[in-house]
Every structure is written in structure tokens, then in C-alpha cells.
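Quick setup: one chain, the form predicted on its own, written in C-alpha cells, and binding and motion questions come after.
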């Protein structure tokens, strides 16, 4: 039985990044991954979808270049080529992770790991016919696509006309008609891509708005933009059945059907807490997720959890940080996880980026807030690069402290600048102090500075 300082179950963002930090900190580390390094994010989510969306953006520019005085005749999107390029990008990044882990001396086992129990020496884990033990265990098993008990869903998945985030990224032919169940991040990004690729796209969402917890004003504008591009939305609709012909749903008491040759299930994800022996340790699971404190500790000493498995903030960048907090805690370094200003992005065209509280959540928490909405057209660069663009920035500030609580943006490339908002929130700077900060000009993000003077 080989002994380690740390065993990590799961090679996704939370797992592989934690393995790197642990090795750098001097911990003898074993990483066990049953499929591929990088997890869902790198192989079936974040990176593949952004690769597809970049192709869609280039194609859209080619089709509508006349807005900028550029004519591109015969522009076409080759779906098979796009998928092949996606696979190349993924392989490049997976190889990079493998090389980094090897350089740092992290042992990697590609097999399904199983927790066998805990002894005085630590936690025992088996994988690929061998047994390992370690003082510390980090559970980073991630999440899987939620499959609701909708009549016909299971049959459709088996037959291949119902897809999850995994299969939708590997279609080498664009479907003529795509129905998307769920108007969250995954559903919207894939709806945007396949709409650009030429499919007739319909989104069916149970709520009366899209984009989940996104600021209501921003979500409404994104709905308008995607609708103008040709995506059809049915909000406040409950799906009642799936079959080869499409999706049946109820809306306002009436039954309707959307025809589609492919159906994407994108109603969310659920933590993976079963199938690897977690119950042998007595780790507390609450509402389907491993419960952790702000140091990523579970109720069992020496056992930690990071990433989607704890259900706190199911984003890759959250998983990175959670894994680091767990490792720092193991190393005796003072650290704690904060969730107040984690940025989130929807990579549609236009992009949406958010950090911190929305006006709605701040008021619900009992805060006295002031909010200002400013057109992105205050930025010269935005106007130069977005002919006819209607983006906005919304800033939410605490009236009593004059501190930023949140900022929400649609338009431009806010994914590249939203981290600055997170820093402002975490550092608790007042708006008055931030007025002294110099922004580069011309940039889209300098609209944020303009908003300081509108509060």
C-alpha cells in the first residue's frame, strides 16, 4: 500500500489545480481521475463551448461585415471543422495539464477511485486494483448533467436525439431544428451558437426570465438581443414530454409542441456524491452536495471537498480557488473561501458578465441600495466596435457605506474586465475613492468610471 500526504478524487479544475498547489507546497500527492484531466470544464464545457462560440463570432462578423464597410462573399461555417478544431484545442490544454503535473511530481492514476474507509493512518482509496492511503483526502468529483423525469427523456438520450452538454459539443452536422430545454448559461450559449450556425433554435424555459440569477434588466436585454437574431423563446413553459418529433410543453394552460430533430437538456447540474464510497467515511451530504465550511473542510477530519461537488458555486474558477483554500488549510496557512464577489459570464454575443449582488438580491437582503444603469455607448470604443449595439452597465452601491455591491454588464467583452469589479467589492473601496482610479482610454470598461459619477 503506497502512502501519500494527499489523495485527490477528480482531475477537474478543483482537483488538478489543487494537486499543483499541493505539490508546490511539498505534499506528496496522488490524483485519481477516471476519464480525462481537466474534467467537464475542459473536455465537455467551458473550453469546448467557447471554441465553438468563437467560430460563430467570426462567422457572424463575416456575414454582417457590411456594417463595418467589409464585404465577405461566400462565408460558410463548416461544423465538422469547428468540432475538429475544438478537439485540437482541448487536447492541447489537457496535454499541458499533464505536463505540469508530471513536472511537479504529482502521481496520476487514470481509473475510477473508490474510498474504502478511514484508519488511524488516514483515508484508504482503491483504484485500478491498487490501494493507497493518505492523511488528507480532497473530494473533487464534480457534477453531472441533471436529467429530469420528463416522459421520453431517458429514451431520447439512449436513441441520441436528446443530448446533454457532452453530446451537443460533438455534433459534426448542424441540426435543422434544435430545441433547448432550459434558459440558463449552457442553454443560452448553445442556443446562440447553433442559431449562428444555421439551426432553427427554440428555447423552452420554466421561469418567466432567462439567465437564472442574472440581473433582471440585463437578462431582459439579452432576451431581446437573442430574439432579434432569430432564437425563439417560450418562457413560463413546463415541458411535459419529449420524442423524435420534438418537445411538448404547457404554457398558460395550453399545450404546445416545438418540432426539433435534436433536443438539448440543459436544466442544470447535480453534484456527484455517489458511486465512489463516500458513505464509508460518514461525510455529511446536504441537499445532494457535500457540506463544507469556509476552509473547505467536511465534518470528517482530514477530508475536504472543492468544486461542483459541494454545490456552492458551480463554476470552474470557483473550484480553482476552493482547491487552493483546501490545500492551504492542510499546509497550516491561514486562508478562507469567500463567495461575495465571484464573477460569472455568459459567453453569448453580446457577452454578459456579473459580479456581486444584483439590485434585487441586495434589496432582498435588507440593504439600502442605489443603482444606476448606463449605456455602453458612453464608450467611444464600444461604439466603434459594435455598430448598433445596445449594451448597458448596471452598478449597485450601498447607500450607507458608498461601497460597490455589484456590477452587471452586457456588451463589449466584459468577461475580460469583470475581475476588476470583484477586486473593488472584495477590497471594499468607496465609490468616492474609486473616482481617483485611472482607466485606459478608449476601452469599453471605462463606462464603469462614468457610472461612478452617476450615483
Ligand code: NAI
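Residue numbers count along the first chain shown, from 1. This is a predicted model, so every value here is computed, not measured.
Below, we refer to the form predicted together with this ligand, which is not included among the displayed structures.
Distance criterion of 4.5 Å from any heavy atom to this ligand in the model of the complex singles out 207 from the list 207, 154, 372, 75. Out of the listed residues 347, 233, 132, 161, 347 is the one that sits within 4.5 Å of this ligand in the model of the complex by at least one heavy atom. Within 4.5 Å of any heavy atom of this ligand in the model of the complex lies no heavy atom of residue 272. Under a 4.5 angstroms non-hydrogen atom cutoff, this ligand in the model of the complex lacks residue 282 among its neighbouring residues. Taking non-hydrogen atoms only, residue 268 approaches this ligand to within 4.5 angstroms in the model of the complex.
Although the partner is absent here, residue 183 sits close enough that one of its heavy atoms falls within 4.5 Å of this ligand in the model of the complex. Stretch-level contact analysis of 329 to 337, 95 to 103, 358 to 366, 186 to 194 against this ligand in the model of the complex, using heavy atoms and a 4.5 Å limit, identifies 186 to 194.
Using a 4.5 Å cut-off to this ligand in the model of the complex, not one of 21, 353 and 424 places a heavy atom inside that distance. For the partner-free chain shown, 314, 315 of 313 to 341 come within 4.5 angstroms of this ligand in the model of the complex, judged by any non-hydrogen atom.
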